[in-house]
Structures are given as structure tokens and as C-alpha cells.
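Only one chain is included here, represented as C-alpha cells and corresponding to the form predicted alone.
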Amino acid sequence: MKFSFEEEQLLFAEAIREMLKKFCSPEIINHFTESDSATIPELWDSLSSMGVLGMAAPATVGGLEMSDEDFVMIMEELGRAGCPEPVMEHAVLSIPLIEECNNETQYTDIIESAVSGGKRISIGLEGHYVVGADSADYLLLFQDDLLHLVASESIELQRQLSVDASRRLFSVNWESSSDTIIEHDPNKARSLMEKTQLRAEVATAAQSIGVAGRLLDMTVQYVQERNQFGKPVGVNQAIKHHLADTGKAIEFARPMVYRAAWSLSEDDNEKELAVHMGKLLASKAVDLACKTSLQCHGAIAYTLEYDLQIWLKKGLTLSSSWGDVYSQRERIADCLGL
């Protein structure tokens, strides 16, 4: 049995990486963070033109019909670039969810506009903040075991603080009605919510791996260039051990995240266990990458003027999003009956 990605998957991920270098540079991210803008138009348009926004949508509405296994590498590249756009919420979670409820094609127009990038969608589980709600035209909201699709003009938003300022979080005030419900069956709505939770964990884990890899690369480059007492600080054995431990954590977590994506794509019997394991290991890897990069860079790592802070903040945020290390351990124990 072959356990590797196809050439097309690798080439697509490489193309996304090159595009992100141009439209998602540290300068662009910092400018976005400091501005009042809710989006980066050039980046969003580029993601749309390359098919990223519709990667999980069916071909009948202009999508690429990619599975979790297909787009896990794309999410890793988005993490590596520090992408601030809510691609996961829009493309990976929301579009497939609406498609699941599109029994009579009443939501086809919304899906098509979401695939093209003309309309934006974000999602919030009950009691959760919503990422990118200020740029969304529609929100998918779970409440009382029902799924609602709510237009932005019917919603009141309140901005919430986040360690990562480029991650725009909002609490949502809204009134449910029969007109907003798109899934009336509580059992199906709960099933969709559980599936969405697992998919979000995998996508977040993949982004965490991307962030951890970027932090490690930046730190290796820094310790090779930074001289102290006439020699690069990277020649010190303690520095090498920290970097090696971080590299091992990343390489140990990455296959488990890929395994989790495959499990979701194949609806494997052990998909829940695989997903929770993947998120646990990815959270641990990015946590370690943050600590190692801070320690090896020294005081400069704490400055806003240094680009490392983009990935430090994103890593700390992604590590706890959709279940931190402690909650994942509890979920793993539940899966194992412990």
C-alpha cells in the first residue's frame, strides 16, 4: 500500500506556497494587523483564482472536490505563510456544511458565490467566538441542536481580544427564527457539528505544523548568522539539542496529522482517535517550536519589529484552538475507554 501524496497534490501545494510568498509576506501581514481592514483583497482574490476557496466544493458549483486528505497540505502551507484570512472557516468548514444541507439546491447560489470568493462565510459552534465574522456575508451557527445560516445584516458583532491580532475574533448576537434554520433534524445537525469539529481539528493541526516548521527554519537561520564570542551561536551543543528536539517533534506529528486527514476522507472507524492524536501532537510540536525560537533568538524575539512575532502569536493561538493539549488527552482517553 502506498502511503504518500500524489504528484498533483504536491505540485498544488508548491504552487500555493509560491503564491503566498508574494501576497502574504510579513510586510503585508503586519500592515493588515495594524490597519482597520477586515481582509487582504489581493490575497483573497489570489486564493480564489487558484481554486483554494472552492477546494472542498463539488465540481457542479465550480469547486475542486478535494477531500480532507487532499487539502491538508494546503492548510499546512497557509500556516507556514502565517495567512490571516479565515480560509479554514470559509473553504474547509462552511462550504461543505452548506452543501450537506443543500438537498433542494436552495443554497446553490450561495455556494457558487462562496467558491468564487464573491461572498464570504464563517462558522461558529455554540458558545464559540467566530473568526473573520466582520468580513463574512453569512454565518453558519449551531444553536440548540439546529444549524442556522444567518445573513450578516441580521447580526451584531463585538470584537474580542486575541494573542494573534491578525486573527479577528468576534462574539455574535443574533435572533434565531424558522427562516434561518437550514437543518431541522437535531440528530443530523449534531452529526454535522461533530464532523465539523473533527475537520476543524485536522485543519488546525495542519496549520500548526506549518507554523512550527516556519519557526524552526527562521531559528536555524538566525543561529547560523548570529555571532557571539567570534563564532555562530548555533555551534553550541545546547542550541543544537533544542533545535533537534523541535525538529523531531514536528516530524513525529506531521504523519499523524496526515493519517487523521486520511481517516476523515475514508470515514475510517478510528477517525476520532486519529484526529485527536494528530491535534495533540501538532499542538505539542508548535508549543515547543515557540519556546525554542524564543529561547534561541533571545530578547529580539519579543519585539514587534521582528517578523518572528507573527508566527509566535499564531502558533500559540492555533495550539489551543479547537482543543488544546489537555482537552485532546481527555478525548483520546474517551476513545480508548479509559
Partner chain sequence: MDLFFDSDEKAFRDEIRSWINENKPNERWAPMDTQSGFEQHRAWERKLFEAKWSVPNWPSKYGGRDCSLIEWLLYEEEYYLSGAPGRVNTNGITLLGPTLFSWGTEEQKDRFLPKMASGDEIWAQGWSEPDSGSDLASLKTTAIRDGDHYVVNGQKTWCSRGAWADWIFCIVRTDPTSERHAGLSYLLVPGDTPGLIRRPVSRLDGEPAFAELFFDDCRVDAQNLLGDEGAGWSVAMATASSERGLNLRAPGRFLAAANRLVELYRETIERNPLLSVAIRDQVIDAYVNAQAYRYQVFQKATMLMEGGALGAEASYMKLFWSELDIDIHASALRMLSERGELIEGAPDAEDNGSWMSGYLFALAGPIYAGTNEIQRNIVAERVLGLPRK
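Not measured: the values here are computed from a predicted model. Residue numbers count along the first chain shown, from 1.
There is another form of this protein, the form predicted together with the partner chain, and it is not shown here; the text below is about that form.
With a 4.5 Å heavy atom cut-off, would you call residue 125 a contact of the partner chain in the model of the complex?
Contact with the partner chain, no.
Can you check whether residue 330 is within 4.5 Å of the partner chain in the model of the complex, heavy atom basis?
Yes, residue 330 is a contact residue.
Against the partner chain in the model of the complex, would residue 8 count as a contact residue? Criterion: heavy atoms within 4.5 Å.
So residue 8 does not count as contacting the partner chain.
With a 4.5 Å heavy atom cut-off, would you call residue 96 a contact of the partner chain in the model of the complex?
Answer no; every heavy atom of residue 96 is more than 4.5 Å from the partner chain in the model of the complex.
Each of 262, 284 and 338 within 4.5 Å of the partner chain in the model of the complex, by any heavy atom, yes or no?
Spot residues vs the partner chain: full contact, yes.
Which of 149-157, 200-208, 240-248, 82-90 has heavy atoms within 4.5 Å of the partner chain in the model of the complex?
Within 4.5 Å of the partner lies stretch 240-248.
Of 273, 300, 38, 28, the one that lies within 4.5 Å of the partner chain in the model of the complex (heavy atoms):
Contact with the partner chain in the model of the complex is made by 273 alone.
Note which of 163, 220, 181, 172 lies within 4.5 Å of the partner chain in the model of the complex, where distance is taken over heavy atoms; exactly one does.
Among 163, 220, 181, 172, a heavy atom within 4.5 Å of the partner chain in the model of the complex occurs only for 220.
Residues in 136-169 close to the partner chain in the model of the complex, defined by a heavy atom within 4.5 Å, in order
Nothing in the stretch sits within 4.5 Å of the partner.
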